[in-house]
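Here we start with a single chain on its own, the form predicted alone, put down as structure tokens.
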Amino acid sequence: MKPLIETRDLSKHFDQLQAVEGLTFAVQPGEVLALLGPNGAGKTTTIRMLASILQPTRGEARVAGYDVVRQPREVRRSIGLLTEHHGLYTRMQAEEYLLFFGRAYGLTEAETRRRARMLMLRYGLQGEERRRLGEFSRGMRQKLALARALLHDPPVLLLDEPTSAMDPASAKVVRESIRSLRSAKRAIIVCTHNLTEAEAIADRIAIIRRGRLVAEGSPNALKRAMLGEPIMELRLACPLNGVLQHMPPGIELVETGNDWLRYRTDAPEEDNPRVLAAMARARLPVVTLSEVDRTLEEVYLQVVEGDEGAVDA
């Protein structure tokens, strides 16, 4: 299948400022890409170019098969856009607001009402249809803006900080919603500063620094590329004295404690059974054998604070 989002050498300059420089990536149908980077890295500028709001200085991008420069109207019909600043009309009622955008998207009133009811129910806004948006909390406004982005069931979603200003329960609902929106007919880009959230919802991570793509890959692939092979931790119900002599050959120990040890492996599916078999032969009581958790935050900090070149995992 062709990518639903595709860029080649996408760049945007403002006088001497290179806000985005040479971005090349693709998002396939059914895929969620998390776009990460510090403030000023170029994430929002990238989203605006993909939405045909800003014209690139150089390069090209296609969204849902349409060129963002030559076919901006078709691009805008094909995306659901959630920006940091929602542009809500605070004097309007919630239902009135969604009906307005339904007409703008070319939906019938009946279809707009049906989808509006479904989306407001999904995001816990049922019963608020006649309430003015000026009376909504920040989190409620965020959820209504997300409902607006989904109103016409677009094939591409561009979501900038979709859970900002939300309480934990609401943020969980939105994260689950984003995961459920994966389909063979939809691609999603999420910009977020919440690295735990990015790891939970994204198939791939793209990290931008100073307008350039410096790392890209699945969360696990990036961890391996930046932090090395997985580290396993073996915990025993006895002191470690004498245990090391029973470890199978070829196991690379990295750390030990009173009743535990850690080893690095590039083939856990082969090494872990060997370790457990060795412990069983020695009649040593194993409590747990598990992978040491390595966070996306470690990868992110190493990329944006270090001097490494681009990483493609």
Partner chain sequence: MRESALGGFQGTWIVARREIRDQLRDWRILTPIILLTLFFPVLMNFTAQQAVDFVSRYGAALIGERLVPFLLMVVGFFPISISLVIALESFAGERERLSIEPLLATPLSDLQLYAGKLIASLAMPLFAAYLGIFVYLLGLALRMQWYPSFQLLMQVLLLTTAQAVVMVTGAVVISSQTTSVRAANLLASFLIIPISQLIIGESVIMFWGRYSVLWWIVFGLFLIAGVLGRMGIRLFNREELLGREIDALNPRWVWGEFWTAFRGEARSPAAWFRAVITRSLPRAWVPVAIVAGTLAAGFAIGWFMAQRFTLPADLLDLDRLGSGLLKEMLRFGLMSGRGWAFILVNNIRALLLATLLGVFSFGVVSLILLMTPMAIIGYFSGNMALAGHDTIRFLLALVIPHAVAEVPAMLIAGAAILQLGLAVLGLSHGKTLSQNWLAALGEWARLSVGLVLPLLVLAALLEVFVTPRVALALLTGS
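Please read these numbers as outputs of a predicted model, since none were measured by experiment. Numbering follows the first chain given and starts at 1.
The discussion below concerns the form predicted in complex with the partner chain, not included here.
Proximity to the partner chain in the model of the complex, taken as a non-hydrogen atom within 4.5 angstroms, holds for one residue of Ala187, Ala202, Leu81, Ala206, which is Leu81. Screening Ala171, Leu181, Leu240, Met92 for any heavy atom within 4.5 Å of the partner chain in the model of the complex leaves a single hit, Met92.
Although the partner is absent from this view, Ser52 contacts the partner chain in the model of the complex, with a non-hydrogen atom inside 4.5 angstroms.
By the criterion of a heavy atom within 4.5 Å, Phe136 is excluded from the residues contacting the partner chain in the model of the complex.
Although the partner is absent here, Arg62 sits far enough away that none of its heavy atoms falls within 4.5 Å of the partner chain in the model of the complex. Although the partner is absent from this view, Leu88 contacts the partner chain in the model of the complex, with a non-hydrogen atom inside 4.5 angstroms. Note that among 229 to 237, 121 to 129, 214 to 222, 103 to 111, the stretch whose heavy atoms approach the partner chain to within 4.5 Å in the model of the complex is 103 to 111. Applying a 4.5 Å heavy atom cutoff to the partner chain in the model of the complex picks out no residue from 265 to 299.
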